[in-house]
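Only one chain is included here, represented as C-alpha cells and corresponding to the form predicted alone.
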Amino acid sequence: MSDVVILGAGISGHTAALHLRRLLDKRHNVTVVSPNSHWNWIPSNIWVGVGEMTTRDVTFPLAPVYQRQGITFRQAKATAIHPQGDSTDARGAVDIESTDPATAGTTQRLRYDYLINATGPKLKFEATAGLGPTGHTLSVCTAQHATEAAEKLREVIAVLKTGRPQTLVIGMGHGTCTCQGAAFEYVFNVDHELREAGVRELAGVIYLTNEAALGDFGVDGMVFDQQGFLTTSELWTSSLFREREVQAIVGAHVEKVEAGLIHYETLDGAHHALPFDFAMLLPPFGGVPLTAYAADGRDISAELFSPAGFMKVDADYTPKPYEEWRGADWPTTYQAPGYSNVFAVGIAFAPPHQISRPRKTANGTVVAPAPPRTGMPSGVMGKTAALTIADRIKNGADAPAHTASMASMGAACVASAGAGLTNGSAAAMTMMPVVPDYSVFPTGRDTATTRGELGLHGHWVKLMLHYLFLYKAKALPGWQLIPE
C-alpha cells in the first residue's frame, strides 16, 4: 500500500488526483490537501468579473467529487514538508493546518510515499502598497475577487450613464507580474460591456503593463503566420487596442496605489501618477509559504525552494545571460532534486529563468514579466507527475519518469467577450512551444501552429472549454477522454 499526498486542488493538483485515482487500485491512498473547499475554473473568472457569469457558474464543492472518486480530502493548508521523514518515521511527511470552519486551526502530520506540490501561487498584493481588494484596486484572481470587480464595474457604468466620464485602468500591479493574458482578456471584456451599455465614448480605458511591448504576454512575444505573411503579436495586439481605443502604457512598474491614483515608474526611469475611477491590477505571484526540514530538524528550505518560494525541480538553475537561455533549461519530469518521490507542478515549480528578456528601469527597478505556468501546461504537468507516480507504485521506484517540457508543449489563450452563443467575440492565440526554441524554429516557435485570430469562432471555443473542463473536473463519465 502506498500513500500519495497532493498539496493543492487547482488545475494541476486536481488533475493529478483524478488520474492517480483512475490509475491506482483502492489499496493505495490518494489524499488532496487544499485550503479551499471549492474548485474554481479560473479562466472564466474574467466573465464573472464583468457580470456575465456568477461564482456558481465557475466553482463547485470538492468534497462530493472526492468522496465519489475515493479520494481523501483535507480542507487545510500545508505549512511544512519533511522530505527525509523525522525522528519517528523515515517516510516523508507534511504538516497541515485545518481551514475547515469546523476544525480551523487544528494541525496534523500526514505521511506520504509520494508527494505532489501543486499549491499554486501566493497572491502577493503586499508587494505594492495599496494594491488589491483590501487596498484601492480590484482583482479577478479568485471568483470572489471577480464578483467584487463586477459590482464595481456596474457602479462605474451607472456613473457613465449620468454623463460623467470615468477612467478605467486594467493591467499589472507590479514590475514582476505574470498572467498578462488575463489582464488583456479583462480589457477585452470591459470594453465589450461598456459598448453594450452604450457608454464607451465617455470611458477612458487604459492598459497598464510591465511588458516592454504589447503582445509580450510573458513569453517574449510571438510571430504569427497570417495567410503566408509573418506578423508579430505586438502588431496584432496593438491593432486590437487601436480598434477599441484602448490606451496602452508599457514597461511600467507600479510603485504604490492611493485612492484614485496609481504611481508608476517606466523603463526610462520617469515617475508618473495616473488618476483612476476603476482599477483592476493583477498582483505578482510567489510560492505558497512552506518550510522544509531535514530528518534531524534542520531547516533545509533554501535547498528545496527558490528565494521566491517556488519548489526547485529538474531544471537548470545555473545563472546565465539571456543570450544563453535554452529550452533545455526547463524541467521535464518536475521531480525535486535528491527526492525521487517529490514533485512540483503548475505554478508551484521554480522556473529556471524568465521567458521574456529581463529589463530594468534607468533607476535599476526590475520590470520583467514572470513566465506563465497556468492553464493547459498546468494540467499536463499534473497528469505527467501522476503517470510517473503510478508507474513507480506499480513497477518499482526505478520506473522511468514521464516527461513534459514547456519547451515542447503548446498553449492557447482565448480572450473572449460576452457569454452567449451569438453575442460574443474573441481574440484567440495559440503558440507552440511555450518556451521558444531558436535552435529548431527561426522565430523561436512553429509558425504553422502559432497564430492569432479574431472572431466569433474563438468565442465558441472558449465557451466550449468552460463547460468541458467543468465536466472533466467534476469527474463525470468519460472525463479522462477530455485532454488536458
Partner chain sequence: MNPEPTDQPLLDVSKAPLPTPKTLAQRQSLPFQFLRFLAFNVRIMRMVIRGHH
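Numbering follows the first chain given and starts at 1. This is a predicted model, so every value here is computed, not measured.
There is also a form predicted in complex with its partner chain; it is not shown, and the following applies to it.
- [ ] Mark residue 155 yes when one of its heavy atoms lies within 4.5 Å of a heavy atom of its partner chain in the model of the complex, and no otherwise.
- [x] Judged by the heavy-atom cut-off of 4.5 Å, residue 155 is well away from its partner chain in the model of the complex.
Open item on the list: How about residue 151 - does it come within 4.5 Å of its partner chain in the model of the complex, if we only consider non-hydrogen atoms?
Closed with: So residue 151 does not count as contacting its partner chain.
- [ ] Please run the contact check for residue 238 against its partner chain in the model of the complex: heavy atoms, 4.5 angstroms, yes or no?
- [x] Yes, contact at 4.5 Å.
Open item on the list: So, residue 273 and its partner chain: in the model of the complex, are they within 4.5 Å at any heavy atom pair?
Closed with: So residue 273 counts as contacting its partner chain.
Task: Residue stretch of 293 to 301, 78 to 86, 118 to 126, 205 to 213 approaching its partner chain in the model of the complex, non-hydrogen atom distance within 4.5 Å - done: Checking each option against the 4.5 Å cut-off leaves 205 to 213.
Task: Proximity to its partner chain in the model of the complex, single hit among 258, 316, 243, 324 (heavy atom within 4.5 Å) - done: Spelling it out, the residue with a heavy atom inside the cut-off is 243.
TODO: Heavy atom within 4.5 Å of its partner chain in the model of the complex: which of 61, 70, 442, 455 fits that? Just give me the one.
DONE: Checking each option against its partner chain in the model of the complex, the one that comes within 4.5 Å is 455.
TODO: Taking only heavy atoms into account, state which residues of 362 to 383 are within 4.5 Å of its partner chain in the model of the complex, ordered by sequence.
DONE: Those in contact are 376, 380.
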